[in-house]
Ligand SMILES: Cc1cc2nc3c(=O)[nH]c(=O)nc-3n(C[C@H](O)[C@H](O)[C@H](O)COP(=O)(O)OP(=O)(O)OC[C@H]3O[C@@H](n4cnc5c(N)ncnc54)[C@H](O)[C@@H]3O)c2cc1C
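Quick setup: one chain, the form predicted on its own, written in structure tokens, and binding and motion questions come after.
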């Protein structure tokens, strides 16, 4: 049975109980901005926050994204002390691999930007890739980049830690409740319409992940967010041999090895296939993933897949998330468009979302992250295209 809200009105209603929504509620509660209500149409971890591979990296194409990622890595390092949950965050690095000179040239440019932000990443040759990724076919890669302080965590204890923390701070979290619309009679947010009825609020945070575009449109806002389904699998366990996350630039193939020995990874979806409904898996994904892994590791040919699943990315045209209050509907705050990398950027991004709710100034460039950027005439600004792994 679904519980009802304890109140008829809240300072803020956060839509989405994933990593972004819960972190936002946590920062708001710490600022004393209650009462706060978090709503989610599913169960805890039913969205992308419970369906990702746990990668957390700081290798990006733009300084703005790198700064958010670096702050987030620092937050995950102290997560156990702050929340009392072990998220098994191991900074064993990310290795991006290139197959030709064009890809390697792109990684060199990324490396220069990353190093310019004070991170000790480096360009590596094929021999160094082989040292970091034992067993990879030497003739399958030309070189790559490596940043040791990137890492991998286990998503579920992070969600549970935040869930328990926000509830301890007095935040209400109701699961299985859908937000069906926004009530804005005076041109600003006055309430959210839900499957439980109308709930009054002056602030609605759209942290609905793959459903955020749908929620924005229900609020009468034209947004460019596009939902795409990405798939992932886990194999039977192998003797531990791989420390870093490995990402191939050409097709977005990524994989890591869990502490139990499983190979967990995915690959960019086929551009020729429409996004299918549901969160199952497809033969197309399994075939392309198998070809990708076996092409790099012929010894994986007989490796069995134990399970496969999928989740939704929330993509924007320029690859940057959407963070901040929408001027077209005061009180409606965006915390979406993370393109499947919400977990990587959540701690730092959610702080900025909370500041937007509180009306505090932001250090984020609105031309890169603001909701209004897509309507700017003649816009010619950076894009973030390292949307891999």
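Positions refer to the first chain, counted from 1. As the structure is a computational prediction, the values presented were derived from the model and not from experiment.
What follows is about the form predicted together with this ligand, which we do not show.
Between this ligand and the residues 352, 51, 27, 70, the one pair within 4.5 Å by heavy atoms in the predicted bound form involves 51.
Of the residues given (42, 330, 63, 34), 42 alone sits with a heavy atom within 4.5 Å of this ligand in the predicted bound form. Although the partner is absent here, residue 15 is a contact residue: one of its heavy atoms lies within 4.5 angstroms of this ligand in the predicted bound form.
When contacts are judged by a 4.5 Å heavy atom cut-off, residue 255 does not count as touching this ligand in the predicted bound form. Taking the partner from the other structure, this ligand in the predicted bound form has a heavy atom within 4.5 Å of a heavy atom of residue 312.
At the 4.5 Å threshold, heavy atoms of residue 202 stay clear of this ligand in the predicted bound form, well away from it.
Stretch 177-185 is the contacting one of 300-308, 114-122, 177-185, 128-136, since its residues have non-hydrogen atoms within 4.5 Å of this ligand in the predicted bound form. Each of 19, 47 and 340 is positioned with at least one heavy atom within 4.5 Å of this ligand in the predicted bound form. Of the residues in 315-333, none comes within 4.5 Å of this ligand in the predicted bound form through any heavy atom.
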